[in-house]
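Single chain ahead, written as structure tokens, the form predicted on its own.
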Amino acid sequence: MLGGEQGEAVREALESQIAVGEFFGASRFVPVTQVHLTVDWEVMGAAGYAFLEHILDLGGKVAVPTTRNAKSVDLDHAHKLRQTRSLIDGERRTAELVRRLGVITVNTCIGYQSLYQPHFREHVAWGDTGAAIYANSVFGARTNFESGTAGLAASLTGRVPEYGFHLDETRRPNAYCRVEARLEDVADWGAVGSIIGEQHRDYWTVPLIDSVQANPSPDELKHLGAALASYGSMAMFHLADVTPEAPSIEAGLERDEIKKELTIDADQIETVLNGGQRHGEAVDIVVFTAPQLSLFELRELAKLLDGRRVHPNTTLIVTTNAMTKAAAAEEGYIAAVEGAGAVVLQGVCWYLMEPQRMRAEFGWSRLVVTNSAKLANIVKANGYEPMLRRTKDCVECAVEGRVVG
């Protein structure tokens, strides 16, 4: 590869990977079976686009199955949401480029729920942080947080430098958290992730979570991981009887690496869920996104909205991927949600859609209600004041057009 026998694009990619590997002290490369790439216009802009063109000009093609993360525009709703022509055109052109590279444009951050599930000890290169932490913690697969350029390099060479969460020693728990509250909703799990994340904020921290709640659902684990990654930049957690490397709390606690301990009770979770409580205040926007919704989450929304209407002064936005939306449409869930007045978007996550500009366009207040702890963290940078609520309470806010519950 370094000799250019597989093309100039591969040679450049491997050179960059060697530099990364040397920086992190890697002694070798490991092959990856799948890459998940973050390439959306809102994040990468013209400079990122030019880099993709450069790789294509060098003859670059992906060497392993490579999928694309959520994008910034749902073309069917772009004009309704008053997105700019430059953003729409940028996303169109980006999609064309990544397809020419051989990337599968599924445009999803929940491919692990609808597309590809790596097995225990499988090495992958995933860019979306919520997806990466899920791969490490739930499947026992191995990946670091891969930036757009690093993920593209992995897709071209089919390997990554072996450092970080590809190594056994990095994956061992070094913090302990006892959760002494019953967790009723995905928002509760997100709240737990936000509390742990804010207490540590360290990529190399791997919390061992001891919860009274048995058998969490995939969606609850999804929101836990997304919050840990968002608030704490964490790439892995251990949950007894879930993480393949954590068969029991006792097995985890036998390790002498545990340096920090934390206890979370019901009052702390309620504080996160009800912080900034502004009962009766008008709600302009309620959002279910970050990560995209699964088929089961859409089914729950359809039940909660059955026979009801979103308040005329409130916008309710829901995001999912094309595969899940198609399945949900077949089951009647999309008709029920859209029939209640919600906007169901596919292939996007709302925080990538220039939400700050959207607020100015529609004259929304700074308040946004959501059940996603990850969104509540990210959207502050866009000038919003998020309110994290349980799913049923978010629906009530949307229907009533004000803060209730």
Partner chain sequence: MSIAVMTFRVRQAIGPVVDGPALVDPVPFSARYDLDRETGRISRAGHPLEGQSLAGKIILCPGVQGGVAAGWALLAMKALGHGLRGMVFQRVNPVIVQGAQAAGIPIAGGVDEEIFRHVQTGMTVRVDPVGKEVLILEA
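Everything quoted here is computed from the prediction, not taken from an experiment. Residue numbers count along the first chain shown, from 1.
What comes next is about the form predicted in complex with the partner chain, which does not appear here.
**Q** Looking at 304-312, 179-187, 202-210, 328-336, which lies within 4.5 angstroms of the partner chain in the predicted complex, counting heavy atoms?
**A** In the other structure, the partner sits against 202-210.
**Q** Just to be sure I understand the contacts: of 32, 39, 369, 345, which is the one whose heavy atoms reach within 4.5 angstroms of the partner chain in the predicted complex?
**A** Exactly one listed residue reaches within 4.5 Å, namely 39.
**Q** Please tell me which of 140, 90, 148, 158 lies within 4.5 Å of the partner chain in the predicted complex, judged by heavy atoms.
**A** Looking at the other structure, the residue within range turns out to be 148.
**Q** Against the partner chain in the predicted complex, would residue 375 count as a contact residue? Criterion: heavy atoms within 4.5 Å.
**A** Output for residue 375 is no: heavy atoms all beyond 4.5 Å of the partner chain.
**Q** Is residue 230 a contact residue for the partner chain in the predicted complex, using a 4.5 Å heavy atom cut-off?
**A** Heavy-atom contact with the partner chain at 4.5 Å: present for residue 230.
**Q** Taking the partner chain as it sits in the predicted complex, is residue 351 in contact with it (heavy atom to heavy atom, 4.5 Å or less)?
**A** Output for residue 351 is yes: heavy atoms within 4.5 Å of the partner chain.
**Q** Is residue 364 close enough to the partner chain in the predicted complex to count, meaning some heavy atom within 4.5 Å?
**A** Residue 364: no, not in contact with the partner chain in the predicted complex.
**Q** Candidate spot 79, 220 and 322, all three in 4.5 Å heavy atom range of the partner chain in the predicted complex?
**A** So, no: the whole triplet misses the partner chain.
**Q** Which of the residues spanning 67-82 lie within 4.5 Å of the partner chain in the predicted complex, based on heavy atoms?
**A** Residues within 4.5 Å: none in this stretch.
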